[in-house]
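In structure tokens, one chain follows: the form predicted on its own.
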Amino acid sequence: MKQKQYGFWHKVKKNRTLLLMLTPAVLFFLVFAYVPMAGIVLAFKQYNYSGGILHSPWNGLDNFRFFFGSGDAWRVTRNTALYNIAFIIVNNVLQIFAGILLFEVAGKWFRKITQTILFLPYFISWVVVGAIAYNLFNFDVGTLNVLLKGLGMQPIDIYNTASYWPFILVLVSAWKALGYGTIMYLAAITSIDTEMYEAAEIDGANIFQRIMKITVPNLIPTVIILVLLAIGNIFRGDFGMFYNMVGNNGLLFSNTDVIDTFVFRSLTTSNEIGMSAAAGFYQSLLGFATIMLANYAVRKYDKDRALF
């Protein structure tokens, strides 16, 4: 018997409740992601305020030549990619470890209290974190140097030494993101069929064997999805973190300057709108290429675990 084919509007009417729930998210991305894409045209124009976006003269690829010829392109690209790779690896490893630990720990109240404590830093503004870091690492009155002086040791000039900051930023990022990621992994762990654990326990498997043979393999799909989403932003630095932790301290730019802070500084100090747009366009192209390649690699491994 031939099935009746329903039209587009019939499907819309049938799923109107779900579509209505989806509308705010669609509007958000339309207004804040897709409409601003029209500004890409500034990357190919010599912007001036009298002409505006539409009537400023075209200058071809001059903005890109200026960006790449400045010597800053490779530095900020390298810093952005390396920091995000470090964030992905360190944060996910710590979050998985914390999620497994909380799952295995007996005691409902202890688990809830620990979750709350771990989750609190996620809600602290980067402005506050930057102020905490300054009071901790300040050369003259910082807690760390006051302690070192009290022990008869030489103080450390952290704000004038760029080599310390990769470690500081990675640790601060891990501290702030630990609670949020732990809850996601803990939710994935609790969704694993408990009968698998019971069967393994009956077979004599100890806690470490159950973790390695059951928990970790069942977490792989969640890890792949979260890592793929993170890879999409691998060339997009966390502006709030880098700017509030480092500020405009030029002595630290060699190890802390990322594409986002470079674009912001170009706009606020040198007023190079065209070059800033070119850097942003370059950043978006890198991010798009990276997510496509990562998704292709996952599809080759297991197409059911790819994003698309």
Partner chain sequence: MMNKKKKLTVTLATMMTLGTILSACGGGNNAANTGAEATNGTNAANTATDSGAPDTSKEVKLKMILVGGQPGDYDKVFGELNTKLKEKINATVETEFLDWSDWTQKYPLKFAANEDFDLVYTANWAFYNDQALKGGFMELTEDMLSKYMPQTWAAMPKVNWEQAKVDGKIFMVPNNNVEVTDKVVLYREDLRKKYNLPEINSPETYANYLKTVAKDEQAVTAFGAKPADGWKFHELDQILLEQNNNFNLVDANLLPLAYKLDDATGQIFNIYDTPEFTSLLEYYKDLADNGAWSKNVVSNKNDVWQDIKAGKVSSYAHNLGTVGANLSEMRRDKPDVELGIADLTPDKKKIAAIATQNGMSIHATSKNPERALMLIDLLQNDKEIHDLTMYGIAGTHYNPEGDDKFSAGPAAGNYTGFSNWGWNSPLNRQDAAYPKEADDMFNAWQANVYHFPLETFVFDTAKVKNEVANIGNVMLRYAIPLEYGLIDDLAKGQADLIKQLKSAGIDKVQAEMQAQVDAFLAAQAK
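Positions refer to the first chain, counted from 1. Here the rigid core means the biggest group of C-alpha atoms that line up within 1.5 Å when the two forms are laid on top of each other. Just so it is clear, the structure is predicted and the values come from calculations on it, not from any experiment.
Although not depicted, the form predicted together with its partner chain is the subject of the following passage.
Visitor: Whether residue 193 contacts its partner chain in the predicted complex should be assessed with a 4.5 Å heavy atom distance threshold; does it?
Guide: Within the cut-off, so yes.
Visitor: With the partner left out here, check for me: in the predicted complex, does some heavy atom of residue 160 sit within 4.5 Å of its partner chain?
Guide: Because a heavy atom of residue 160 falls inside 4.5 Å of its partner chain in the predicted complex, the answer is yes.
Visitor: Using heavy atoms and a 4.5 Å limit, would one call residue 209 a contact residue for its partner chain in the predicted complex?
Guide: The answer is no: residue 209 has no heavy atom within 4.5 Å of its partner chain.
Visitor: Please tell me whether any heavy atom belonging to residue 253 falls inside 4.5 Å of a heavy atom of its partner chain, as the geometry stands in the predicted complex.
Guide: Residue 253: contacts its partner chain in the predicted complex.
Visitor: So which of 110, 175, 103, 180 gets a non-hydrogen atom within 4.5 Å of its partner chain in the predicted complex?
Guide: After the contact test, the surviving option is 180.
Visitor: Which residue among 88, 128, 187, 144 has a heavy atom within 4.5 angstroms of its partner chain in the predicted complex?
Guide: Contact check passes for 187.
Visitor: Taking the partner as it appears in the predicted complex, which of 198-206, 166-174, 221-229, 90-98 has residues with heavy atoms within 4.5 Å of its partner chain?
Guide: Selected stretch: 221-229.
Visitor: Can you name the residues of 60-81 that have a heavy atom within 4.5 Å of its partner chain in the predicted complex?
Guide: In sequence order, 62, 63, 65, 66, 69, 70, 72, 75 come within 4.5 Å of the partner.
Visitor: Rigid core fitted, then: does residue 56 show a CA shift of 2 angstroms or greater between the shown form and the other one?
Guide: Yes: residue 56 shifts by at least 2 Å between the shown form and the other one.
Visitor: Core-aligned, does residue 297 move its Cα 2 Å or more between the shown form and the other one?
Guide: No, its C-alpha moves less than 2 Å.
Visitor: After superposition on the rigid core, does the Cα atom of residue 276 shift by at least 2 Å between the shown form and the other one?
Guide: Shift at residue 276: 2 Å or more after core fit.
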